[in-house]
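For reference, the chain that follows is the form predicted on its own, supplied as structure tokens.
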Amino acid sequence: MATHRCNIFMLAFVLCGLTCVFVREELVIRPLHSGDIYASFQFRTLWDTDFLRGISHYRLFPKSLGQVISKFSVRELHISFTQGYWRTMQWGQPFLPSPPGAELWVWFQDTVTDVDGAWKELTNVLSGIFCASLNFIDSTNTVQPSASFKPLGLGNVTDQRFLRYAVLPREIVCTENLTPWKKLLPCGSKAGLAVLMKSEKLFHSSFHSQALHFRPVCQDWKCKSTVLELRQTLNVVFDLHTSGQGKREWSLFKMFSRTLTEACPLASSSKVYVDVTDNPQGELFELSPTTPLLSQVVVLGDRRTYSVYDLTNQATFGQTRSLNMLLRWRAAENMLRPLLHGERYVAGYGLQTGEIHTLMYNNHPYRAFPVLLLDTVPWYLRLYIHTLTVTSKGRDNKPSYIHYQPSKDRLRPHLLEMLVQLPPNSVTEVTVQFERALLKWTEYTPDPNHGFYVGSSVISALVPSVVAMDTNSTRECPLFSSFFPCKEESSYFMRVYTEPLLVNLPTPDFSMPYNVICLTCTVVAVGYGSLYNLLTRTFQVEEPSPGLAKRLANIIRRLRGVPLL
């Protein structure tokens, strides 16, 4: 197997030429303090090519996606499908955050003249690729942020005219979305870490999120040339009670009903990381089989220690040629609060007015830092922007930057962005009142009494780091620690999503049309039916039939040959 892998790598380097493709895959397992377990898959494909020059062979890069990127002149593309809500206070911060439902944001090349037209066609094409409802993205749920969602890759395109952002909070994620996502992987789901992605196990979890990110990045530390990066991520949290049967004991087979037997033959690196930072002496949980490889990585402003299993090394699988890691808890530990956290809810009573409350928690004991809040509200919730208030510790907190774009009925949503300074160890509350609109009866969903969803608020911030961050993005490091670019050693970038809102709107009595139809049909059937029957019926005079005695007498007279009566 090792000889076969070496031959594949040598052949790849020989045939590489000007369009090299490199593949890496990783799985990170993090035991959570709640007894749940967090598994994060990362697959990265680097391609040294230029879509604008035309491509005849896509090699390991998925052709279906490459043609879309080339046709619509996409510079960056970020799409995610999430089922469930990430519980930050119980699970900590995820490696890659995502809101419930479907999220899509795209940076187009500056050569695109009709951005709205390209955006509309792109959403329809992506809807077909991922078997999702992205075709429901239109002008009523698309915004153009002015400060949020800056490019994550390399490039000088910062003109917000080429940025589009949309979210579908009600999108349901299922196997139909996972299957095409797996087909984009270089090895599919036949080899490597992707063999663990069993649908019935992944969707029987508390949280499931699959994402795809495309962007240009530097090829080396001098950044004289760029390469295209395609990163596919899948995050899942298995519940202690539903998936673990209430036992604080996890293994690969218990989580995925499968074990690892080989790495992806096309991958230059295939590793499994297990977070053992809080378990230096094995007092919290027992990990088997043990590995001598340890790696220290700075993740989310903290230095973490991981046990590393290298799947390209056949000694990792042992004599059974199978890797099935086992984590067995010995004790419980209290969890530290995350530095940044957000919540959102709707207040008020009745179906006329209401109030949106957004809470932002800064749990740092002595450091204040600014955050950028993005709110997208549908047009049928008419905001009273003069009622906007921002308070921290009972005092007014004036934002240093506010950008507000009012909505237009049935054309575009509200867009609110503000830069707020969060004091240390505080809760900052943002409130705004709104009025519910009365929709046309054809604009209601099939289940209007369920309510209407409002997308999550997006909180972006540079959070103070406990340790010095690495600003060299080209250095060889695990994939889960190198997604967001870092330009300062003293802070790191973090994005937090709040809960989506479920708002009830004034709903008419949809049974009235049925009652009117029934009453009308009854009147027509009784009134017009009787009149029509009288007008079209023909009347004939018929003699009354003879009695029984007369019929018997006629029978006897017929037998005797006598004329009938």
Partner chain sequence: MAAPLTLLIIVAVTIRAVLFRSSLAELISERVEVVSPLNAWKRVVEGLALLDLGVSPYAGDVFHETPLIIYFFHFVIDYAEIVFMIADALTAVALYLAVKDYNKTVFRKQKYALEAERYPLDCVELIRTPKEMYYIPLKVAMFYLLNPFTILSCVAKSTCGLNNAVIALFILCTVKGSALMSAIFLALATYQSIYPLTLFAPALLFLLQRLYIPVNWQRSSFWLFTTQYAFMYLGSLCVMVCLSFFLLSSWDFLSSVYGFILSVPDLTPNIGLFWYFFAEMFEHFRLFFICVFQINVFFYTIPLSVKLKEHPVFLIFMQIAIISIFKSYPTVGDIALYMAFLPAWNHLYRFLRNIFLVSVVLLACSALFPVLWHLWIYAGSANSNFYYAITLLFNVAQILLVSDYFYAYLRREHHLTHGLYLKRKDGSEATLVLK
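Residue numbers count along the first chain shown, from 1. What we label the rigid core is the largest C-alpha set whose atoms superpose within 1.5 Å from one form to the other. Not measured: the values here are computed from a predicted model.
Not on display, but discussed next: the form predicted in complex with its partner chain.
For the residues Glu489, Glu283, Glu176, Asp409, the 4.5 Å heavy atom test against its partner chain in the model of the complex is passed only by Asp409. Checking Leu351, Met89, Leu294, Val466 against its partner chain in the model of the complex, a heavy atom within 4.5 Å turns up for just one residue: Leu351. Thr520 belongs to the set of residues with a heavy atom inside 4.5 Å of its partner chain in the model of the complex.
Although the partner is absent here, Thr442 lies within 4.5 Å of its partner chain in the model of the complex, judged by heavy atoms. Heavy atoms of His341 never reach within 4.5 Å of its partner chain in the model of the complex, leaving it off the interface.
Remark: Ile402 counts among the residues lining its partner chain in the model of the complex, judged by a heavy atom distance of 4.5 Å or less. Contact with its partner chain in the model of the complex, judged as any non-hydrogen atom within 4.5 angstroms, is confined among 504-512, 36-44, 66-74, 22-30 to 504-512.
Shown without its partner, the chain has no residue in segment 244-280 with a non-hydrogen atom within 4.5 angstroms of its partner chain in the model of the complex. Comparing the forms between this form and the one not shown on their rigid core, the Cα displacement of Pro289 stays under 2 Å. Relative to the superposed core, Glu443 undergoes a Cα shift of 2 Å or more between this form and the one not shown.
Relative to the superposed core, Arg215 undergoes a C-alpha shift smaller than 2 Å between this form and the one not shown.
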